[in-house]
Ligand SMILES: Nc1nc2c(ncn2[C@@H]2O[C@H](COP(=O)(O)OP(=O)(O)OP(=O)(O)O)[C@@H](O)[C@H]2O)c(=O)[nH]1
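Shown here is one chain on its own, the form predicted on its own, set out as structure tokens.
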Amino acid sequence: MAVRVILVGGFLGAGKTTLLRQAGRRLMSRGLKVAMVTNDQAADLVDTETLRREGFGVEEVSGGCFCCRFRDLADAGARLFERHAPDVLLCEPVGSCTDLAATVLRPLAHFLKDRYTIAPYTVLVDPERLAGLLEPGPHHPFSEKVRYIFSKQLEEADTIALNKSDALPAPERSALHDRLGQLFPSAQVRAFSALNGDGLDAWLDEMLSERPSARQAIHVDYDVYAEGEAELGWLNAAVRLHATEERAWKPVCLDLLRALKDAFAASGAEVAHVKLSLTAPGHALIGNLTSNRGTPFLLVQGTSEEPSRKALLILNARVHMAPAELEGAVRDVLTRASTSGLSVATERLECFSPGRPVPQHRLPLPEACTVGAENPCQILRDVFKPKRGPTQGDRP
């Protein structure tokens, strides 16, 4: 029997990993076997360890997005197929990637049609991020080119999922839902909470249905796309923490996230997403910060929160600033955290901006309704249209 592939895209901080964790549990409760593939531009990915600790079979594709590492994605799927024989394969692409229907889903369906069937492509949206991008104003924290990526993600979705609906007042949730439906009439619009599971079963029913997938044919200016990605600094680090006395690690994680938030805000740099995973004996802490205005949020994995002296910290930061500045800010925060009673030793740290996306395959869909400049979606023309440089080619 063919494996069902559910690819969940969306901008950094939308809640994709939380959704995969909840979806995996619910699919298993239906008697289905589940495996997952995570994706990042570099190794030491918080998401991979988070999902593995939940007991899922997980492979990680690193060093580039799924589209640029299509062979690695296919190989990862083959390994999971051999080891776990999944019924469903949940895949989480890099949060700054777009054009995934043409470069990932349609190639999977074409080249590996005997192994996979493809679910409708879901793009997850954070309502706070969405509201800010719909009404950008003169001092929006992200540039037009970064917003272009966000818009293209929505434009190619078969399903747009408004996440974190439990945090929204009903009138605001309804207004955002209706606005998305007006702007992207070809997409199914849903609202749910990946954290508490409200509305998730109906979405899973859709993902397992026979509804067509990857049906939006979009135009992507790869010059603008590449320039938008290059404006984001990307940092992955592994850090050893050692305390002179046993201590609880929750306050340490929260203090680190607050210090990072303050450092980025002081530099005028918008947080796209900061994640940390702290592993200590008996438990792990997962921390998230999704904007300069957000509040650090922690989840606990495991059965024990006993104090201890040693911990391993994995840090992923995606911030709208130059890599050298990002690395300097993070190292300064880690140095200040190394106070009396706590030593901080950085084992690995990699900081860069993503390179130009060069998909290994790009399969168009000529018969689909192409969404573009002639489409009545004013958001794409009036809000997200970037100022192009001298080169305007579309380079798949």
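Owing to the predicted nature of the structure, the values given are computational and were not obtained by experimental measurement. One rule holds for the numbers: they count along the sequence shown, beginning at 1.
Although it is not shown, the form predicted together with the named molecule is what the next lines describe.
Novice: When the named molecule is placed as it is in the model of the complex, are His242, Ser277 and Ser343 each within 4.5 Å of it, taking any non-hydrogen atom of the residue?
Specialist: No, none of the three is in contact.
Novice: With the partner left out here, check for me: in the model of the complex, does some heavy atom of Asp47 sit within 4.5 Å of the named molecule?
Specialist: Taking the distances in the model of the complex, the answer for Asp47 is yes, it comes within 4.5 Å of the named molecule.
Novice: Any of the heavy atoms of Leu80 lying within 4.5 Å of the named molecule in the model of the complex?
Specialist: Because no heavy atom of Leu80 falls inside 4.5 Å of the named molecule in the model of the complex, the answer is no.
Novice: Is there a heavy atom of Leu90 lying 4.5 Å or less from a heavy atom of the named molecule in the model of the complex?
Specialist: Close contact is absent here: in the model of the complex, Leu90 is far from the named molecule, nothing within 4.5 Å, heavy atoms only.
Novice: Does Ala167 reach the named molecule in the model of the complex if we count a contact as any heavy atom within 4.5 Å?
Specialist: Heavy-atom contact with the named molecule at 4.5 Å: present for Ala167.
Novice: Pick from 322-330, 217-225, 159-167, 249-257: which stretch has a heavy atom within 4.5 Å of the named molecule in the model of the complex?
Specialist: Of the stretches listed, the one contacting the partner is 159-167.
Novice: Identify, from the list His283, His273, Arg106, Arg147, the residue with a heavy atom within 4.5 Å of the named molecule in the model of the complex.
Specialist: Contact check passes for His273.
Novice: Pick out the residues of 1-28 whose heavy atoms come within 4.5 Å of the named molecule in the model of the complex.
Specialist: Residues within 4.5 Å: Phe11, Leu12, Gly13, Ala14, Gly15, Lys16, Thr17, Thr18.
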